[in-house]
Ligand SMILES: NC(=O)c1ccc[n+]([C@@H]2O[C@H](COP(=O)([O-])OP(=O)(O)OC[C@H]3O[C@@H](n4cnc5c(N)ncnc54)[C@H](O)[C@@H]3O)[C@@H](O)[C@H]2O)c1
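One chain is shown next in structure tokens, namely the form predicted on its own.
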Amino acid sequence: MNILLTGGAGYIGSHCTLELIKRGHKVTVLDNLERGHQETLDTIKQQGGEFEFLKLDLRNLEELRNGLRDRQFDAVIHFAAYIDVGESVREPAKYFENNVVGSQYLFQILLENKVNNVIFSSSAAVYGTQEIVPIPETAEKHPDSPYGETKLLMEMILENYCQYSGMNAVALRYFNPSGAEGNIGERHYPETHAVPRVLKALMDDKFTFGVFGSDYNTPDGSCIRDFIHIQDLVDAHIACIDFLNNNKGFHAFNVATGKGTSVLELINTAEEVSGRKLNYKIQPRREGDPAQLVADPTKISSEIGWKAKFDIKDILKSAWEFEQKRPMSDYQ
């Protein structure tokens, strides 16, 4: 099949690009390289093979229209977005412009080109703080951050396009993607995600890992998250391509293990995997962080047949291997 990936130079997009190439699909990556990496694209070619690259910015409607003119795709996987919860709280306008306006421009052009199948990179952040955990897809949605609001708004827009404009879409609500595959892994700048920061602290005595909050209503006081291996997440996207070929309309699925790991448990497992002791410090809570985000993945298992294969130790083992090869400049 012929697949377009936006944000294909980023963390999740790069892993999905590599796997699709390995499975023999024709892949086009669209990325402005603002937060993705050219080195990652080069690594994908070395490990997987050739693909087309379009350096375009979703916020530039005419540039996007010209770049995608007369192009046809069997499916579009839309990863491109800003993802830092804390940054979204500080700069909400920036997030709405990029994540909502940029996505709207993309969907508009896809409809113009009669490209109807879309897999959207949504987030567990659409749920916000929930009293009932694990969280099902039917839970009331009240995001705790502008980032979560942008993801929920895009789901609503997609659902309307499916109802009135003939689009078919799957929104995948991720719960803390982590881990690595081969020579590609997490390379956010600045790095805010828990797993790479924990591992960085294990490698660098001068780097202190911050545990944001120790007074949550959880067994050990630290936040609880549902960490999912990047390869499991990629497999879910590819399964959804086939799903959309046989199912019309709008569909939303949690993509997660259904098992929670607290930040302090994450630290203990990282120490076990690495054989090293971690330097960490308890810090104040971050605005916009729910106490628990753990999913109920029953729906995607029953309707698509997908189920996570890897646990938190597998995630940390793969991430630890990558982290030891990662450029230290990413943290500066």
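Note that the structure is predicted; figures quoted are calculated from it, not measured. Residue numbers here begin at 1 and follow the sequence given.
The form predicted in complex with the ligand exists for this protein as well; it is not shown, and the discussion that follows is about that form.
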Practice task
Classify residue 69 as contacting or not contacting the ligand in the model of the complex by the rule of any non-hydrogen atom within 4.5 angstroms, answering yes or no.
Solution key: no
Exercise for the section: Mark residue 32 yes when one of its heavy atoms lies within 4.5 Å of a heavy atom of the ligand in the model of the complex, and no otherwise. Expected result: yes
Handout entry: residue 197, heavy atom within 4.5 angstroms of the ligand in the model of the complex
Key = no
Practice task
Mark residue 12 yes when one of its heavy atoms lies within 4.5 Å of a heavy atom of the ligand in the model of the complex, and no otherwise.
Solution key: yes
Problem - One stretch from 161-169, 241-249, 209-217, 118-126 that, in the model of the complex, holds residues within 4.5 Å of the ligand by heavy atom - result: 118-126
Exercise for the section: Would you confirm whether the three residues 139, 253 and 256 all fall within 4.5 Å of the ligand in the model of the complex, going by non-hydrogen atoms? Expected result: no
Completion exercise
Answer key: of 73, 174, 96, 105, within 4.5 Å of the ligand in the model of the complex (heavy atoms) is 174
Completion exercise
None of 304, 56, 61, 267 but one has a heavy atom within 4.5 Å of the ligand in the model of the complex; the exception is 56
Completion exercise
Checked 127-147 against the ligand in the model of the complex; residues with a heavy atom within 4.5 Å, sequence order, are 147
